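A single chain, nothing else alongside it, follows as C-alpha coordinates in the form predicted alone.
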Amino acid sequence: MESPIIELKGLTKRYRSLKAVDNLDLTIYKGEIFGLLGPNGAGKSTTILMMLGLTEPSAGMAVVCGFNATKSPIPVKKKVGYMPDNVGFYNNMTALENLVYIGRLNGIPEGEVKERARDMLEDVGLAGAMNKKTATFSRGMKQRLGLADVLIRQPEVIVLDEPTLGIDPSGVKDFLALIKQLSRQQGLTVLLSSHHLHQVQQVCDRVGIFVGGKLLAEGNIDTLAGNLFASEPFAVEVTVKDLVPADLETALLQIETIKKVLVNDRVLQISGSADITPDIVRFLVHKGVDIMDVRRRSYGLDEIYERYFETNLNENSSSEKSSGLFQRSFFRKRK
(Lines give C-alpha, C1' and ligand atoms only; values in the text may rest on other atoms or scores of the structure.)
Protein backbone atom coordinates (compact mmCIF):
# COMPACT_ATOMS: atom_id res chain seq x y z
CA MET A 1 0.00 0.00 0.00
CA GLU A 2 2.28 2.74 -1.25
CA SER A 3 0.21 5.45 -2.90
CA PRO A 4 -3.46 6.52 -3.03
CA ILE A 5 -5.31 5.04 -5.98
CA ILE A 6 -8.80 6.27 -4.99
CA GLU A 7 -9.34 9.68 -3.41
CA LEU A 8 -12.82 10.95 -2.59
CA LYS A 9 -12.91 14.59 -1.49
CA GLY A 10 -16.10 16.16 -0.14
CA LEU A 11 -18.09 13.82 -2.37
CA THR A 12 -21.79 14.64 -2.11
CA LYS A 13 -24.89 13.51 -3.99
CA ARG A 14 -28.30 15.12 -3.48
CA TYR A 15 -31.63 13.99 -4.88
CA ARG A 16 -33.77 17.04 -4.14
CA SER A 17 -33.98 17.15 -0.33
CA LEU A 18 -32.29 13.76 0.15
CA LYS A 19 -28.54 13.58 0.67
CA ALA A 20 -27.64 10.11 -0.58
CA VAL A 21 -23.93 10.76 0.03
CA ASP A 22 -22.87 13.46 2.48
CA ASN A 23 -19.44 15.13 2.20
CA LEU A 24 -17.46 11.90 1.87
CA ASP A 25 -13.68 11.99 2.30
CA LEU A 26 -11.89 8.69 1.74
CA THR A 27 -8.48 7.49 0.56
CA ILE A 28 -7.82 3.92 -0.62
CA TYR A 29 -4.30 2.74 -1.36
CA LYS A 30 -2.81 0.60 -4.11
CA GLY A 31 -3.06 -3.13 -3.36
CA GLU A 32 -5.53 -2.64 -0.51
CA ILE A 33 -8.79 -4.51 0.00
CA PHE A 34 -11.21 -1.93 1.39
CA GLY A 35 -14.68 -2.81 2.64
CA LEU A 36 -17.48 -0.27 2.35
CA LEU A 37 -19.85 -1.52 5.02
CA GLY A 38 -23.42 -0.41 5.65
CA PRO A 39 -27.09 -1.35 5.35
CA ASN A 40 -29.03 -1.19 2.11
CA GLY A 41 -29.83 2.44 1.29
CA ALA A 42 -26.74 3.77 3.06
CA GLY A 43 -25.34 5.35 -0.12
CA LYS A 44 -22.73 2.73 -1.03
CA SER A 45 -23.90 2.12 -4.60
CA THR A 46 -24.34 5.85 -5.24
CA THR A 47 -20.73 6.38 -4.14
CA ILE A 48 -19.58 3.67 -6.54
CA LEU A 49 -21.52 5.21 -9.44
CA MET A 50 -19.83 8.57 -8.84
CA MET A 51 -16.42 6.87 -8.67
CA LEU A 52 -17.07 5.26 -12.05
CA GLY A 53 -18.25 8.48 -13.65
CA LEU A 54 -21.74 7.04 -14.15
CA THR A 55 -23.45 9.80 -12.17
CA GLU A 56 -22.25 13.33 -11.38
CA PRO A 57 -21.69 14.45 -7.80
CA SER A 58 -23.60 17.44 -6.49
CA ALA A 59 -20.35 18.58 -4.85
CA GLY A 60 -16.82 17.34 -4.33
CA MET A 61 -14.83 15.03 -6.56
CA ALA A 62 -13.70 11.45 -7.05
CA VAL A 63 -10.15 10.86 -8.30
CA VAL A 64 -9.50 7.29 -9.44
CA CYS A 65 -6.12 6.15 -10.80
CA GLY A 66 -5.17 9.81 -11.15
CA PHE A 67 -8.25 10.81 -13.18
CA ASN A 68 -11.22 12.93 -12.16
CA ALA A 69 -14.09 10.46 -12.62
CA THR A 70 -16.58 13.19 -13.58
CA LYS A 71 -14.40 15.02 -16.10
CA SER A 72 -12.55 11.96 -17.45
CA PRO A 73 -14.86 8.94 -17.09
CA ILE A 74 -13.43 7.01 -20.08
CA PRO A 75 -9.86 6.72 -18.70
CA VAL A 76 -11.34 5.68 -15.34
CA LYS A 77 -13.40 2.94 -16.98
CA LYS A 78 -10.25 1.64 -18.68
CA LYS A 79 -8.51 1.33 -15.32
CA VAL A 80 -11.40 0.02 -13.22
CA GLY A 81 -13.36 -3.22 -13.41
CA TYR A 82 -16.87 -3.16 -11.95
CA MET A 83 -18.91 -6.19 -10.91
CA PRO A 84 -22.54 -5.49 -9.90
CA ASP A 85 -24.49 -7.72 -7.54
CA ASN A 86 -26.16 -9.54 -10.42
CA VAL A 87 -24.03 -10.39 -13.46
CA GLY A 88 -25.73 -11.40 -16.73
CA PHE A 89 -24.36 -13.69 -19.44
CA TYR A 90 -25.63 -15.27 -22.65
CA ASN A 91 -27.07 -18.58 -21.44
CA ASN A 92 -26.77 -20.30 -24.83
CA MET A 93 -23.01 -19.67 -24.90
CA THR A 94 -20.28 -21.41 -22.91
CA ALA A 95 -18.25 -19.67 -20.24
CA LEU A 96 -15.31 -19.46 -22.62
CA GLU A 97 -17.45 -18.09 -25.46
CA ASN A 98 -18.95 -15.46 -23.14
CA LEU A 99 -15.53 -14.38 -21.93
CA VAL A 100 -14.01 -14.26 -25.42
CA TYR A 101 -16.93 -12.14 -26.59
CA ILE A 102 -16.45 -9.74 -23.65
CA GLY A 103 -12.72 -9.60 -24.37
CA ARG A 104 -13.33 -8.66 -27.99
CA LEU A 105 -15.75 -5.92 -26.95
CA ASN A 106 -12.99 -4.54 -24.74
CA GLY A 107 -10.52 -4.39 -27.60
CA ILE A 108 -8.30 -7.34 -26.71
CA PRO A 109 -6.46 -8.42 -29.90
CA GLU A 110 -7.88 -11.49 -31.62
CA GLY A 111 -4.55 -13.29 -31.40
CA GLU A 112 -4.55 -13.28 -27.60
CA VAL A 113 -8.17 -13.04 -26.50
CA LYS A 114 -8.82 -16.81 -26.26
CA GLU A 115 -5.64 -17.52 -24.35
CA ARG A 116 -6.34 -14.69 -21.91
CA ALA A 117 -9.93 -15.90 -21.45
CA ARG A 118 -8.70 -19.42 -20.64
CA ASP A 119 -6.17 -17.99 -18.18
CA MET A 120 -8.86 -15.95 -16.44
CA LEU A 121 -11.17 -18.96 -16.15
CA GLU A 122 -8.35 -20.96 -14.63
CA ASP A 123 -7.57 -18.14 -12.18
CA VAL A 124 -11.16 -18.05 -10.90
CA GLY A 125 -11.48 -21.86 -10.65
CA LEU A 126 -13.65 -22.46 -13.72
CA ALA A 127 -11.13 -24.26 -15.94
CA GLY A 128 -13.14 -27.48 -15.76
CA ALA A 129 -16.39 -25.72 -16.70
CA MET A 130 -15.17 -23.41 -19.48
CA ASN A 131 -16.96 -25.39 -22.20
CA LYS A 132 -20.26 -25.64 -20.34
CA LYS A 133 -23.15 -23.32 -21.19
CA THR A 134 -23.75 -20.70 -18.54
CA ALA A 135 -27.44 -21.69 -18.36
CA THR A 136 -26.25 -24.65 -16.26
CA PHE A 137 -24.15 -22.51 -13.88
CA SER A 138 -24.99 -22.04 -10.22
CA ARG A 139 -25.09 -18.55 -8.71
CA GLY A 140 -21.61 -19.05 -7.28
CA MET A 141 -20.21 -20.14 -10.66
CA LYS A 142 -21.75 -17.12 -12.34
CA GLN A 143 -20.15 -14.82 -9.75
CA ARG A 144 -16.77 -16.44 -10.50
CA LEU A 145 -17.37 -15.92 -14.20
CA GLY A 146 -18.31 -12.31 -13.39
CA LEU A 147 -14.97 -11.92 -11.66
CA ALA A 148 -13.21 -13.30 -14.74
CA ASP A 149 -15.23 -10.81 -16.81
CA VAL A 150 -13.86 -7.98 -14.64
CA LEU A 151 -10.26 -9.26 -14.68
CA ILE A 152 -9.88 -9.98 -18.39
CA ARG A 153 -9.26 -6.28 -19.07
CA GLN A 154 -6.40 -6.37 -16.53
CA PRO A 155 -7.70 -3.44 -14.42
CA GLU A 156 -5.78 -1.72 -11.65
CA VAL A 157 -8.89 -1.50 -9.45
CA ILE A 158 -11.88 -3.81 -9.12
CA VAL A 159 -15.14 -2.71 -7.52
CA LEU A 160 -17.41 -5.46 -6.22
CA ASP A 161 -20.94 -4.41 -5.26
CA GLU A 162 -22.53 -7.03 -2.93
CA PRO A 163 -20.67 -9.85 -4.74
CA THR A 164 -21.78 -12.69 -2.46
CA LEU A 165 -25.56 -12.24 -2.60
CA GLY A 166 -27.31 -15.56 -3.16
CA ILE A 167 -24.20 -17.71 -2.72
CA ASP A 168 -24.22 -20.55 -0.18
CA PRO A 169 -21.86 -20.21 2.86
CA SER A 170 -19.24 -22.58 1.45
CA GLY A 171 -19.26 -20.73 -1.86
CA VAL A 172 -18.94 -17.37 -0.07
CA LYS A 173 -15.85 -18.56 1.81
CA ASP A 174 -14.22 -19.77 -1.42
CA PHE A 175 -15.14 -16.59 -3.31
CA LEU A 176 -13.70 -14.29 -0.63
CA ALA A 177 -10.52 -16.38 -0.45
CA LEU A 178 -10.21 -16.05 -4.23
CA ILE A 179 -10.54 -12.25 -4.07
CA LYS A 180 -7.84 -12.05 -1.40
CA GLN A 181 -5.54 -14.37 -3.34
CA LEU A 182 -5.91 -12.45 -6.61
CA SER A 183 -5.38 -9.11 -4.86
CA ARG A 184 -2.16 -10.30 -3.25
CA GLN A 185 -0.82 -12.03 -6.37
CA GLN A 186 -1.64 -9.27 -8.85
CA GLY A 187 -1.40 -6.17 -6.63
CA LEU A 188 -5.05 -5.39 -7.31
CA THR A 189 -6.87 -2.72 -5.34
CA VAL A 190 -10.30 -3.99 -4.33
CA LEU A 191 -13.30 -2.00 -3.14
CA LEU A 192 -15.89 -4.38 -1.74
CA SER A 193 -19.33 -3.02 -0.89
CA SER A 194 -21.42 -5.17 1.45
CA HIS A 195 -23.80 -5.26 4.40
CA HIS A 196 -22.43 -8.59 5.67
CA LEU A 197 -20.15 -7.85 8.62
CA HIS A 198 -18.42 -11.21 8.96
CA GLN A 199 -17.64 -11.37 5.24
CA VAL A 200 -16.06 -7.92 5.26
CA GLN A 201 -14.08 -8.78 8.37
CA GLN A 202 -12.77 -11.97 6.71
CA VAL A 203 -11.16 -10.35 3.70
CA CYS A 204 -10.66 -6.60 4.09
CA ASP A 205 -7.52 -4.74 5.21
CA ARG A 206 -9.61 -1.72 6.25
CA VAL A 207 -13.31 -0.97 6.47
CA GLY A 208 -15.42 2.16 6.24
CA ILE A 209 -18.68 2.20 8.20
CA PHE A 210 -21.26 3.94 6.04
CA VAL A 211 -24.68 4.95 7.39
CA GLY A 212 -27.20 7.46 6.10
CA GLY A 213 -24.85 8.75 3.41
CA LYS A 214 -22.08 9.46 5.93
CA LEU A 215 -18.79 7.72 6.57
CA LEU A 216 -18.89 7.34 10.35
CA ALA A 217 -15.44 5.78 10.69
CA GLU A 218 -12.70 4.00 8.76
CA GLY A 219 -9.69 1.92 9.68
CA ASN A 220 -8.67 -1.66 10.44
CA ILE A 221 -10.53 -3.67 13.07
CA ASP A 222 -7.94 -3.14 15.79
CA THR A 223 -7.84 0.64 15.25
CA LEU A 224 -11.62 1.00 15.28
CA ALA A 225 -11.95 -1.18 18.37
CA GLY A 226 -9.17 0.74 20.13
CA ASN A 227 -10.88 4.07 19.44
CA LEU A 228 -14.30 2.89 20.58
CA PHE A 229 -13.45 0.75 23.56
CA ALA A 230 -10.48 2.66 25.00
CA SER A 231 -12.14 2.90 28.42
CA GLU A 232 -12.86 -0.85 28.51
CA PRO A 233 -10.33 -2.57 26.21
CA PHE A 234 -10.31 -5.90 28.10
CA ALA A 235 -13.28 -8.24 28.06
CA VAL A 236 -13.81 -11.73 29.38
CA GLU A 237 -16.77 -14.09 28.96
CA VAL A 238 -17.51 -16.53 31.78
CA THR A 239 -20.00 -19.39 31.47
CA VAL A 240 -21.28 -20.77 34.78
CA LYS A 241 -23.11 -23.98 35.68
CA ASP A 242 -26.31 -22.48 37.04
CA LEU A 243 -28.19 -19.24 36.50
CA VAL A 244 -26.20 -16.19 37.59
CA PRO A 245 -27.26 -15.00 41.09
CA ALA A 246 -29.19 -11.73 41.01
CA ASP A 247 -26.71 -9.83 43.19
CA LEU A 248 -23.55 -10.96 41.36
CA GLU A 249 -23.58 -8.17 38.77
CA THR A 250 -23.60 -5.47 41.46
CA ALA A 251 -20.86 -7.25 43.41
CA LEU A 252 -18.58 -7.49 40.36
CA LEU A 253 -18.99 -3.77 39.62
CA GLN A 254 -17.45 -3.01 43.01
CA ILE A 255 -14.09 -4.20 41.62
CA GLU A 256 -12.22 -1.04 40.63
CA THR A 257 -11.15 -1.86 37.06
CA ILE A 258 -14.46 -3.45 35.98
CA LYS A 259 -16.58 -0.99 33.99
CA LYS A 260 -19.43 -3.10 32.65
CA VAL A 261 -21.13 -6.43 33.43
CA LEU A 262 -23.75 -8.01 31.17
CA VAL A 263 -25.67 -11.10 32.31
CA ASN A 264 -27.41 -13.52 29.95
CA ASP A 265 -28.74 -16.62 31.77
CA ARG A 266 -25.52 -18.53 32.53
CA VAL A 267 -23.10 -16.21 30.74
CA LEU A 268 -21.30 -13.20 32.23
CA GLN A 269 -19.68 -10.67 29.90
CA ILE A 270 -17.28 -8.54 31.92
CA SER A 271 -15.28 -5.63 30.48
CA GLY A 272 -12.89 -3.16 32.04
CA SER A 273 -9.72 -1.13 31.89
CA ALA A 274 -7.34 -3.97 32.84
CA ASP A 275 -7.10 -7.70 32.28
CA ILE A 276 -7.94 -9.12 35.70
CA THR A 277 -9.25 -12.50 34.55
CA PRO A 278 -7.52 -14.42 37.41
CA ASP A 279 -9.06 -12.02 39.96
CA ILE A 280 -12.51 -12.49 38.42
CA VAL A 281 -12.18 -16.28 38.56
CA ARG A 282 -11.07 -16.19 42.21
CA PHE A 283 -13.92 -13.81 43.06
CA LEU A 284 -16.55 -16.09 41.47
CA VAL A 285 -15.15 -19.20 43.14
CA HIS A 286 -15.21 -17.38 46.48
CA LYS A 287 -18.88 -16.59 45.85
CA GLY A 288 -19.57 -20.30 45.32
CA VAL A 289 -20.19 -20.02 41.56
CA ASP A 290 -19.33 -23.13 39.52
CA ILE A 291 -17.37 -22.01 36.43
CA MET A 292 -17.71 -24.03 33.20
CA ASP A 293 -15.73 -21.88 30.76
CA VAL A 294 -13.61 -18.70 30.69
CA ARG A 295 -12.43 -16.96 27.52
CA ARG A 296 -10.98 -13.63 26.52
CA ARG A 297 -13.33 -11.82 24.20
CA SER A 298 -12.07 -9.71 21.31
CA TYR A 299 -14.17 -6.95 19.79
CA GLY A 300 -15.33 -7.84 16.30
CA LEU A 301 -16.86 -5.81 13.52
CA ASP A 302 -20.39 -6.43 14.80
CA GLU A 303 -19.67 -4.69 18.14
CA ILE A 304 -17.82 -1.89 16.36
CA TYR A 305 -20.66 -1.35 13.90
CA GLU A 306 -23.23 -1.45 16.69
CA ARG A 307 -21.39 1.20 18.71
CA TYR A 308 -20.94 3.58 15.77
CA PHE A 309 -24.54 3.04 14.74
CA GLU A 310 -25.81 3.84 18.25
CA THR A 311 -23.68 7.00 18.37
CA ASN A 312 -25.09 8.09 15.02
CA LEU A 313 -28.64 7.47 16.20
CA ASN A 314 -28.12 9.56 19.33
CA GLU A 315 -27.02 12.51 17.22
CA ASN A 316 -30.09 12.41 14.96
CA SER A 317 -33.68 13.55 15.41
CA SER A 318 -36.36 11.18 16.69
CA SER A 319 -37.67 10.55 13.17
CA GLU A 320 -34.21 9.64 11.98
CA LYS A 321 -33.87 7.34 14.97
CA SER A 322 -36.95 5.39 13.91
CA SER A 323 -35.54 4.94 10.42
CA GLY A 324 -32.15 3.95 11.83
CA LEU A 325 -33.66 1.37 14.17
CA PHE A 326 -35.41 -0.23 11.24
CA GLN A 327 -32.14 -0.37 9.31
CA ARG A 328 -30.36 -1.80 12.33
CA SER A 329 -32.96 -4.55 12.72
CA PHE A 330 -32.74 -5.34 9.02
CA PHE A 331 -28.95 -5.33 9.18
CA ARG A 332 -28.91 -7.86 12.00
CA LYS A 333 -31.23 -10.20 10.11
CA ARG A 334 -29.04 -10.14 7.03
CA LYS A 335 -25.68 -10.77 8.75
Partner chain sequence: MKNPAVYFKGLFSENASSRSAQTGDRPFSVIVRKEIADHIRSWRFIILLAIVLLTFLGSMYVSLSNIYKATTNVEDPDRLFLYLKLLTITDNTLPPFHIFVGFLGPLLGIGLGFDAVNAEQNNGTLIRLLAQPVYRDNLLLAKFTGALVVISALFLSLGLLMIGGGLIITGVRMEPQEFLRILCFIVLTIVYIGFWLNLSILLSVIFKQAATSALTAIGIWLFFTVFYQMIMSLVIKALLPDPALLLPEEVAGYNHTIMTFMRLVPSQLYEDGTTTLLMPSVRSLGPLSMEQMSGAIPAPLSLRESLLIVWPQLCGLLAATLLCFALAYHRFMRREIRN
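Here the rigid core means the biggest group of C-alpha atoms that line up within 1.5 Å when the two forms are laid on top of each other. The shown structure was predicted, so the numbers you read here are calculated from the model rather than taken from an experiment. Positions refer to the first chain, counted from 1.
The same protein also has a form predicted in complex with its partner chain, omitted here; what follows describes it.
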request  = Identify which of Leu182, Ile255, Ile221, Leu165 has a heavy atom within 4.5 Å of its partner chain in the model of the complex; exactly one of them does.
outcome  = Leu182
remark   = The one residue among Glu249, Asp123, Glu237, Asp205 placing a heavy atom within 4.5 Å of its partner chain in the model of the complex is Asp123
query = When its partner chain is placed as it is in the model of the complex, which of 211-219, 256-264, 183-191, 238-246 ends up with heavy atoms within 4.5 Å of it?
reply = 183-191
query = Is there a heavy atom of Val281 no more than 4.5 Å from a heavy atom of its partner chain in the model of the complex?
reply = no
query = Do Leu54 and its partner chain share at least one heavy atom pair within 4.5 Å in the model of the complex?
reply = yes
query = With the partner left out of view, is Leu49 within 4.5 angstroms of its partner chain in the model of the complex by any non-hydrogen atom?
reply = yes
key: is_contact(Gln199, its partner chain) in the model of the complex, heavy atom dist at most 4.5 Å   = no
message = At 4.5 Å, heavy atom to heavy atom, what parts of 10-31 sit next to its partner chain in the model of the complex? List them in sequence order, or say none.
response = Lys13, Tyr15
ask   = Once the two forms are fit on the core, has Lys114 moved its CA by at least 2 Å between the shown form and the other one?
value = yes
query = Do you see a C-alpha shift of 2 Å or more at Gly140 between the shown form and the other one, with the core held fixed?
reply = yes
ask   = Core-aligned, does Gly125 move its Cα 2 Å or more between the shown form and the other one?
value = yes
